[in-house]
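Coming up is one lone chain in structure tokens, specifically the form predicted on its own.
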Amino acid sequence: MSKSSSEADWQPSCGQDALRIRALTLNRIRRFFDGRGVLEVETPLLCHTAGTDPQLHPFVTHYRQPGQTQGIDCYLQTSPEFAMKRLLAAGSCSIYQICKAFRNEEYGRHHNPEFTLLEWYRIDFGLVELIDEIEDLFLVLFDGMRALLPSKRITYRQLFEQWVGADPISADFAELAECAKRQNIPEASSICGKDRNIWLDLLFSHLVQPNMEQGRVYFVYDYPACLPSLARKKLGDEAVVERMEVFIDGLELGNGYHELADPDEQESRFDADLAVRRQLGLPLPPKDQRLLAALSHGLPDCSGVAIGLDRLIMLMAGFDQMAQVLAFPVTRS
């Protein structure tokens, strides 16, 4: 390796301004939640279990105590969600955490296998109150950085019908395929097959997100029940779940729920995820029995959200690649 290339490789990928913006952002977040009586917590990143979502791919490592011949598989967490819910069930107040999370996925403009999450849970909040708080936080974080247009709150169904031309809940596969064909996505049928979740994700990412207005925060809520994650079903309309996602410039920044508290429903979702994983030949992480026990003990009524801070800082600073706000992305770590 030449001296010039070696010198370039050891240096951070972001500039000093980006480091200062990150420091300012972390400071503002802590002041924001401290002012609202939300407690900062830390939970383990290395755990005995991981999320079962087939779309998530955790890093797996092996832990063996000195002197022992056998060890156990451990997982780098894709989110601190399960551990934070255990704290809530144990009687904590509303809590937040700023931490690293890990996903064994691609590296690119908007992805890095190691990233920073801001995750928080508010007791006695529904989705409306949670969205209000996210909006308040963004007003604080974007102050002096970048002007934003007034936010837009819209249901998943309304947005999907507007840009895809089909009802995401009632449309059959033939109708979804016809929408993809009209929008010049001929490969959609071979990619999605008979999996409604993949159909909705593909059409939303290809046709809805690119049409979101630049500079406007979108709060998309009431997701179809086939895309539940860990949200509870909506009372009075079980075709949807109380889930929301937040977008800026068409880029997804966060995922939030009115949190599922029923341990039986939670275990059935674990089982459904594991069945899909088994069908796809993916690893089968163990179900988090401690989370199920915590839910059985009683999770307080709450809503929570996880925000990808690297993406958020990237947008605040006016950059278009996450590497521009990371000191050492995976290519330089």
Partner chain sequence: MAVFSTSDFKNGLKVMLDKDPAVMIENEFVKPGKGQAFNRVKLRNLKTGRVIERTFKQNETLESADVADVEMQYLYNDSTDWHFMQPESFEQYTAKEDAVGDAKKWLKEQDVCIVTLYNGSPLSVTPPNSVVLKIVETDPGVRGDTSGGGGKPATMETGAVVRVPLFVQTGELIKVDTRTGEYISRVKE
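Residue numbers count along the first chain shown, from 1. Please read these numbers as outputs of a predicted model, since none were measured by experiment.
Another form exists, predicted together with its partner chain; not displayed. Remarks below refer to it.
Undergrad: Although its partner chain is absent from this view, report whether residue 232 comes within 4.5 Å of it in the predicted complex, heavy atoms only.
TA: It does not: once its partner chain is placed as it appears in the predicted complex, residue 232 has no heavy atom within 4.5 Å of it.
Undergrad: Hey, in the predicted complex, is residue 109 touching its partner chain, heavy atoms inside 4.5 Å?
TA: Flag for residue 109 set to yes.
Undergrad: My question is simply whether residue 55 lines the interface with its partner chain in the predicted complex - judged by any non-hydrogen atom within 4.5 Å.
TA: Output for residue 55 is yes: heavy atoms within 4.5 Å of its partner chain.
Undergrad: Would residue 170 count as touching its partner chain in the predicted complex under a 4.5 Å heavy atom rule?
TA: Looking in the predicted complex, residue contacts with its partner chain do not include residue 170, since no heavy atom lies within 4.5 Å.
Undergrad: For its partner chain, considered in the predicted complex: do all three of 105, 243 and 255 come within 4.5 Å of it, counting heavy atoms only?
TA: Yes, because 105, 243 and 255 each have a heavy atom that approaches its partner chain to within 4.5 Å in the predicted complex.
Undergrad: Which residue among 149, 154, 140, 191 has a heavy atom within 4.5 angstroms of its partner chain in the predicted complex?
TA: Partner contact (heavy atom, 4.5 Å) among the options: 191.
Undergrad: Between the options 129, 201, 237, 178, which residue brings a heavy atom to within 4.5 Å of its partner chain in the predicted complex?
TA: Contact residue from the list: 201.
Undergrad: Quick one: which of 89 to 97, 120 to 128, 170 to 178, 193 to 201 gets within 4.5 Å of its partner chain in the predicted complex, going by heavy atoms?
TA: Comparing against its partner chain in the predicted complex, the contact stretch is 193 to 201.
Undergrad: Only counting heavy atoms and a 4.5 Å limit, does any residue of 18 to 51 reach its partner chain in the predicted complex, and if so which ones?
TA: Stretch hits: zero.
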